[in-house]
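We begin with a single chain expressed as structure tokens, specifically the form predicted on its own.
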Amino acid sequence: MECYIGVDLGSTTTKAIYIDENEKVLGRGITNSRSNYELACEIAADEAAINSRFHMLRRKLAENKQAGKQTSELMDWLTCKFKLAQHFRQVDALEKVCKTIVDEWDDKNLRRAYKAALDSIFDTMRSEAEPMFQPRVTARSDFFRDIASSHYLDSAELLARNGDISFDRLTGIFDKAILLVEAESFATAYDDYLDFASAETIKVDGYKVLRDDIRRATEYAATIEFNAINTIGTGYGRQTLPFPKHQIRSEILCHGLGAHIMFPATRTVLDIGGQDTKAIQVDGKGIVTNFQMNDRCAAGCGRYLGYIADEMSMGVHELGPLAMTASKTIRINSTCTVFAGAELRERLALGEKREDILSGLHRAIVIRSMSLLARSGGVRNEFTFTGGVAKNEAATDALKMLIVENYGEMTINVSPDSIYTGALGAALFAKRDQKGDLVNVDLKKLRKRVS
């Protein structure tokens, strides 16, 4: 199957999208950018390839007379089974690395005590995993690091409270191990999918009648070959990609075109990413007509939230849900990240609730972006919010409120797939590129080509 790939190499996350000849999305992939951009690019593309196979699996099941009526139910179940298998594979890898770190200690008694503690922690992590990967259960995060960190640290805290185990030492083990685990790509997308297609996990009581149909469909999807005609890279780290110049596009162009395809009536786009914020005006074809960009200060972007999360010893993915429980919004006077941290500590010392402070911090981020929107030409109907921060419900609610206050009622688009907007735009440029000297980029060889 011929396809086109878009890669958005962001400072915080790396996204990849596969589209077909008709510019329809086949699959999406996302991973942490880490400090290794080339590896992040490879893993995101792997995840997009896996997701593309599931797209073809859905199509095959829908064609089956017996299984077709249950396609949505089957796909929810199969997807959860696959994600659970992936999660367990990563948990196994993390446990192995944690114990390897402990094995290097000189003190024999200390090694024994902490390996026993790790046994307990990872047994708990496995027992807590299955309920998370069930149909209609909202994922706590897209990333293994976030999920593993939450469960590991909860167990570590309990062990430290009830024994002679040091919480700080257990935390140090995790912090070192997760970096090593994330530095490896454990399997290719094809191997992952083949393992799944032949796994015993699809043989459960609820679908015994359809077992053969499911197996044929999964094996069919496993045989599909994706022929990448062209690949376009964009994003904060795009200059690190070993692509020819004509296979690189700016984030602004990609977010403008991606937002237009997702919402064709879009005229104004706000993208809040990890390192910068972009206010973009587009015409009826998704062509950028004006823009403003803030890339010198963290106050209006995801890095600001990361800083606040560190200050509060929380995961970034936990900030939005906590802010949504606020009973009031605390006014945050400083728009500087460093000063906002100081103000946060001051507010906490005064007895203000964390959720109320966070509500104010989210509003402060959005207020910062409103000035960019004004300088780019204001907000026109329809307005589309993209980027990683668009997944944060507290930021989205604050933005909607301020847009209405300043510009009146209008259509405000926020897609569940907003974080992929740049990658979608890149994939569309890959499809529409009319150059005759296209060079297919083998994402698997990125590390070799730049080493």
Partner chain sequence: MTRDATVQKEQSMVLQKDMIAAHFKRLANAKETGKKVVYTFVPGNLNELIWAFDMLPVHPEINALQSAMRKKSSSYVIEAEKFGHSEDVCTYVKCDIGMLKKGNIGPTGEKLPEPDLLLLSYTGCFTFMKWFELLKQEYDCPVAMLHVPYQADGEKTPEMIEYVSKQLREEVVPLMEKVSGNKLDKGRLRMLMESSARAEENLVAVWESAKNKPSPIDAYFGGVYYIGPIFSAFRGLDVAEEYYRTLREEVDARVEHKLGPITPDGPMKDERYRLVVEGPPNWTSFREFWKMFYDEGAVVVSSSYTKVGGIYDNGFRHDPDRPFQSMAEYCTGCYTNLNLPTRIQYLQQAIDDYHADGFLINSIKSCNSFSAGQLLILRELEKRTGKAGGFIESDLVDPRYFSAANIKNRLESYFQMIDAKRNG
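Residue numbers count along the first chain shown, from 1. Not measured: the values here are computed from a predicted model.
From this point on, the text means the form predicted together with the partner chain, which you will not see here.
Chemist: Scan A116, I287, M314, L348 and let me know which has any heavy atom within 4.5 Å of the partner chain in the model of the complex.
Modeler: That would be I287.
Chemist: Quick one: of L158, A85, A374, L179, which gets a non-hydrogen atom within 4.5 angstroms of the partner chain in the model of the complex?
Modeler: The residue in contact is A374.
Chemist: For the chain seen here without its partner, which of 162-170, 211-219, 266-274, 244-252 has a heavy atom within 4.5 Å of the partner chain in the model of the complex?
Modeler: Going through the listed ranges, the match is 244-252.
Chemist: Quick one: is V102 in contact with the partner chain in the model of the complex, heavy atoms, 4.5 Å cut-off?
Modeler: No, V102 stays farther than 4.5 Å from the partner chain in the model of the complex.
Chemist: Can you check whether S141 is within 4.5 Å of the partner chain in the model of the complex, heavy atom basis?
Modeler: Outside the cut-off, so no.
Chemist: Do M293 and the partner chain come within 4.5 Å of each other in the model of the complex, heavy atoms counted?
Modeler: Flag for M293 set to yes.
Chemist: Using a 4.5 Å heavy atom cut-off, state whether H260 contacts the partner chain in the model of the complex.
Modeler: Because no heavy atom of H260 falls inside 4.5 Å of the partner chain in the model of the complex, the answer is no.
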